[in-house]
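Given as structure tokens, the chain that follows is alone and in the form predicted alone.
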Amino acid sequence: MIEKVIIAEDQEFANLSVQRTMEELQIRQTDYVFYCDDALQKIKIAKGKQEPYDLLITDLYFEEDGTAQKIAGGFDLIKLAREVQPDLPILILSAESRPATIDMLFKQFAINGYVRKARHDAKELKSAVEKLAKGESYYPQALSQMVKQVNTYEFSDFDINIIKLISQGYQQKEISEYLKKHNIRPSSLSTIEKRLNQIREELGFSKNEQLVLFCKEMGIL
């Protein structure tokens, strides 16, 4: 059951939107802060009073406004908050869209849910909090499908090298010349063409541009 929530969000409009969602969910107590330092301080005080928060909702990235802060952003806040309250459920609300980064938050930071700032995010936030209240995690279905797609294909160093060069504007012939110049093998044009065809086919793309965009979104490049 979630009765006490703290929200760290530096964008006023987004903060107000989250407040409305908490009111709709009839959360008994909701505290709002614009800075990570303030969020951690409130978590410490609440824990010290034996009145801990049931949920931390935080963005990942906070804009600097000239106010001196020790905690740079959500990544550090997650770590520090968990040092104070190890069992604190954490829900991320962020514009971050790279599946690899989001997946890393679940695996390495052990977050409990993720909602991307986008159209209908208020509805998704409500669904996420309701799931967390039941002791479940909230992993967006669209993200799950993308992560599953990339995890089924293992990119070699060679794959990443040629895709990275394509993203920098190199043509396939120029990639071959680049690899030869830097003594990177294989380097033949036919090998590069064949490999790119295989990757596109396995991932369901028809153009190299789609492959590059996919790799950027997944955090591979």
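The term rigid core refers to the maximal set of C-alpha atoms that superpose within 1.5 Å between the two forms. Heads up: residue numbers just count along the shown sequence, starting at 1. All values derive from a computational prediction rather than experimental measurement.
Just so it is clear, the following notes concern the form predicted in complex with the DNA, a form of the same protein that is not shown.
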Quiz item: Is every one of Q172, S187 and K194 in contact with the DNA in the model of the complex, taking contact as a heavy atom within 4.5 Å?
Solution: yes
Quiz prompt | Exercise: N208 in contact with the DNA in the model of the complex, heavy atom 4.5 Å | solution = yes
Quiz item: Among 26-34, 60-68, 179-187, 46-54, which stretch has residues whose heavy atoms lie within 4.5 Å of the DNA in the model of the complex?
Solution: 179-187
Practice problem: State yes or no: after fitting on the rigid core, is the Cα displacement of E24 between the shown form and the other one at least 2 Å? | Solution: no
Quiz item: After fitting the rigid core, is the C-alpha of Q171 off by 2 Å or more between the shown form and the other one?
Solution: yes
Exercise. Once the core is aligned, please say if the CA of K70 is shifted by at least 2 angstroms between the shown form and the other one.
Key: no
Exercise. Work out whether the Cα atoms of I199 and Q108 come closer together or move farther apart in the model of the complex than they are in this form, the change being 3 angstroms or more.
Key: closer
